[in-house]
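One chain is shown next in structure tokens, namely the form predicted on its own.
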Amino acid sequence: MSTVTLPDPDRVVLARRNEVVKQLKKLAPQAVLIADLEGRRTFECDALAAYRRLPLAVVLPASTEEVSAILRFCYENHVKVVPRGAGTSLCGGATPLEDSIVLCLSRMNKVLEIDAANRVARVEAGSTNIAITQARPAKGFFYAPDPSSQVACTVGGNIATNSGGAHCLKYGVTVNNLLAVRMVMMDGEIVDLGGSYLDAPNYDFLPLITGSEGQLGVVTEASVRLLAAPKRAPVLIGFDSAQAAASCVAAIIASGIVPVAIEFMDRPAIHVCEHFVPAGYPLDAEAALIVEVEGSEDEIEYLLEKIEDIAQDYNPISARRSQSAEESALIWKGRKAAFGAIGQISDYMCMDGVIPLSALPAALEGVSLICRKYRFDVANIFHAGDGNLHPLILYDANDPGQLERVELCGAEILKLCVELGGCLTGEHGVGIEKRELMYEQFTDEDIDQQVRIKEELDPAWLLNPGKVFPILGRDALKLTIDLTRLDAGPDGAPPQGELVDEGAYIEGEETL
């Protein structure tokens, strides 16, 4: 059995902050270097803001060659490196260490080439996801992966976590739309993998790199597939129960119809999103589906009729087809804004489990029971078509007791996903959030194999250390809560509870 034992922060490196920054300035004179306290504070966390660490320094290179020089210096001087894109990671994947530098690629944001004839775009890793579709030469084409954060998240970050999005049901996730990458290894070597066409010769290493969360190298450029932009139309269907909506999802897929997207929203999500973006969501529904299809007008009409017929078996209370491009955009604007809208009313922990479609009703019921057990409200909004769940557990981040409870609540939800035949993550990654849960899904041999790959490509464990791989091991005791001693707070607020420490807490700051 392999576990990763990380050394204590290297105080020698911490003491050499000025020397490290000075050397980086010489190696990468065009790079932006940030060493002051307030500047570094900007990079102390990603979107999993409950965990924060000030990095040794932050460097923002402008080219692959600068990335290479920086990594070679860090390799030779044993300085840890945390790659970062836009910082939209929800699993702590870009959380720095105090003895690490943050290598942020946000300045490398150019769309380098649009080859419409061959339907390929070549971009720098810091380019935003939406920038590919919006590039002027790409008019009439689109890049299929579309995470909710696509206006901000970067292509490099998408590759690191194998991001998907609403339309991955038909078009696949990042790995299905990636043709090539330019990547810098920890020792500074620049390598090119794949090609600007399907089925490039030699071994296909792209699936190994995609989803590796910055553990194996730093991607600086990518070539991705472009697709012709089709005519689309969504239908918005309301149901009197979440279970009915979930069963309808499985029935649509079982019928042989493959919509472009099937998105699920429960009652709390519907109300928050409608207040944020008046899109005409059914406020009297317990759950709603956004089902989108594409094709010619006749094909769209046929598919929507079939979907509405299937939905009738699950007693829908409403069904509204989009009648215009503007109406469709509004429906999707509400869905895309969901995480931000809910963030305006509460802190939340966003889960990212995956389950088989047939298990969707059981999963929703289980999520509800688990959240009630820990006395948290939950809003469910997710990519139902491919079973990628995103329960948002609402809590007060200023209450340390609630933070500890919400982590345990989330861990139970992810364990449920695995028990139902699914997995720990669909598109957010493992990061620090799920690393100690890896043994819930993987065997000792599985972890050993992943560790061997990591050690082969990054033998000193300098790239994004403290992420993905379990630190405490399979048999580590975890903090538990005596739920029998939880009393409701004032006005029905979630209680603090009493904590029973049965061992080291696996996600506390001391383990980063």
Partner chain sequence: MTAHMRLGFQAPETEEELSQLVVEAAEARTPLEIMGKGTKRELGHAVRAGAIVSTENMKGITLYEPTELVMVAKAGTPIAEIEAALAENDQELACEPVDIAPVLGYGPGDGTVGGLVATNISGSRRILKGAVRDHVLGIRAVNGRGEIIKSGGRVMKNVTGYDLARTLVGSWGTLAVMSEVALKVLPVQRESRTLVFFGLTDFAAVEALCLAMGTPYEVSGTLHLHAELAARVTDEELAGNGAAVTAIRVESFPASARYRTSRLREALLAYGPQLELDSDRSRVFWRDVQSLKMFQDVKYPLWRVSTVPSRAATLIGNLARKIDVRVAYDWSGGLVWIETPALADAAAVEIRRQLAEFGGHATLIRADSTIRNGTNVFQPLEPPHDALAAKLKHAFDPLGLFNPGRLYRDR
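The model shown is predicted, which means the values in this text are computed figures rather than measured ones. Residue numbers count along the first chain shown, from 1.
Below, we turn to the form predicted together with its partner chain, even though it does not appear here.
S.K.: Note which of 314, 73, 276, 171 lies within 4.5 Å of its partner chain in the predicted bound form, where distance is taken over heavy atoms; exactly one does.
M.R.: The residue from 314, 73, 276, 171 that makes the contact is 171.
S.K.: What is the one choice in 99, 292, 213, 266 with a heavy atom within 4.5 Å of its partner chain in the predicted bound form?
M.R.: Here the answer is residue option 213.
S.K.: Okay, which stretch from 104 to 112, 384 to 392, 235 to 243, 322 to 330 lines its partner chain in the predicted bound form, with non-hydrogen atoms inside 4.5 Å?
M.R.: Selected stretch: 384 to 392.
S.K.: Considering non-hydrogen atoms and a 4.5 Å limit, does its partner chain approach residue 161 in the predicted bound form?
M.R.: Yes, residue 161 lies within 4.5 Å of its partner chain in the predicted bound form.
S.K.: Under a 4.5 Å heavy atom criterion, is residue 36 part of the interface with its partner chain in the predicted bound form?
M.R.: No.
S.K.: Answer yes if any heavy atom of residue 284 is within 4.5 Å of a heavy atom of its partner chain in the predicted bound form; otherwise answer no.
M.R.: Contact check for residue 284: no, nothing within 4.5 Å of its partner chain in the predicted bound form.
S.K.: Could you tell me if residue 42 has a non-hydrogen atom within 4.5 Å of its partner chain in the predicted bound form?
M.R.: No, no contact at 4.5 Å.
S.K.: Quick one: name the residues from 35 to 69 with any non-hydrogen atom within 4.5 angstroms of its partner chain in the predicted bound form.
M.R.: Residues within 4.5 Å: none.
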